[in-house]
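Shown below, as structure tokens, is a lone chain in the form predicted alone; questions about how it binds or moves come after it.
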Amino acid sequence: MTIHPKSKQASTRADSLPEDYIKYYRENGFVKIPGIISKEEAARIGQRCREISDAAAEQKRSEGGTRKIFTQVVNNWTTDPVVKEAVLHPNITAIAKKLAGVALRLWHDHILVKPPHNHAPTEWHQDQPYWPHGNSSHPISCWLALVDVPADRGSMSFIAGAHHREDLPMQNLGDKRSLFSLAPDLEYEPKLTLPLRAGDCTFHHGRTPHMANDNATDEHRVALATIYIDDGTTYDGRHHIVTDPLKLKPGSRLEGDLFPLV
């Protein structure tokens, strides 16, 4: 049985995206896309993301904080041209729209760096319960590997078909039992781990349960996640780092310069 599409191509282009990738994504809630950007692009973007992450981690240490599961820095596209290039990359955004099948806006990016031997997996969770969104049925995240990410360097794992579970509240990504205490049946579903080469990515639906292994290697794991949401998504009033400064009223559409169409 084929559990995810395979391609012999060095790169995958939106204008020739095989239909089986789209079908697989919609049935399972995730898909691996090989070579969505070139290795040269991945190296350049990865170096910049690592610089941004290291600066944020150093600031956190100077303030007395500690680095735990990973270093996360949000909405870098608004201040850094290299990250903006990746977040709005025409091949990435075009494939995202083909997979989702609807018009999309940018929600936010986040740089995700796991240091070597961090011994802290990102436990099973869905993303969408964390977001203050209404009217968003097709949220889709691109998790872009900017270095090679074998299974022991913090690669992603998914539970196929579980993106239809819209009834679950927010889960704790630091608690390995959190998701399964809310949905015991999901513990017995098959889990698929997808190692990636630099320049590969996975796309996953906002309700697809996923996790990332700890980084047991001697190298940093460097990834850039970018989230796209349905055009027409509204703000539901909950707190979030992206929307808190905007002083939005519940029911307001997420649109404008901070949430551009892609």
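For every residue, the number given is its place in the sequence shown, counted from 1. Please read these numbers as outputs of a predicted model, since none were measured by experiment.
The form predicted together with ligand SIN exists for this protein as well; it is not shown, and the discussion that follows is about that form.
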State yes or no: in the model of the complex, is some non-hydrogen atom of residue 80 no more than 4.5 angstroms from a non-hydrogen atom of ligand SIN? no
Verify the contact flag for residue 165: yes if a non-hydrogen atom of it lies within 4.5 Å of a non-hydrogen atom of ligand SIN in the model of the complex, no if not. no
Flag residue 76 as yes or no: does it have a non-hydrogen atom within 4.5 angstroms of any non-hydrogen atom of ligand SIN in the model of the complex? no
If you check in the model of the complex, is residue 104 within 4.5 Å of ligand SIN, heavy atoms only? no
Though ligand SIN is not shown, can you say which of 122, 171, 136, 91 has a heavy atom within 4.5 Å of it in the model of the complex? 122
Go through 233-241, 44-52, 190-198, 209-217 and give me the stretch that gets within 4.5 Å of ligand SIN in the model of the complex, heavy atoms only. 209-217
With ligand SIN taken in the model of the complex, which residues across 114-143 come within 4.5 angstroms through any non-hydrogen atom? 114, 122, 125, 127, 143
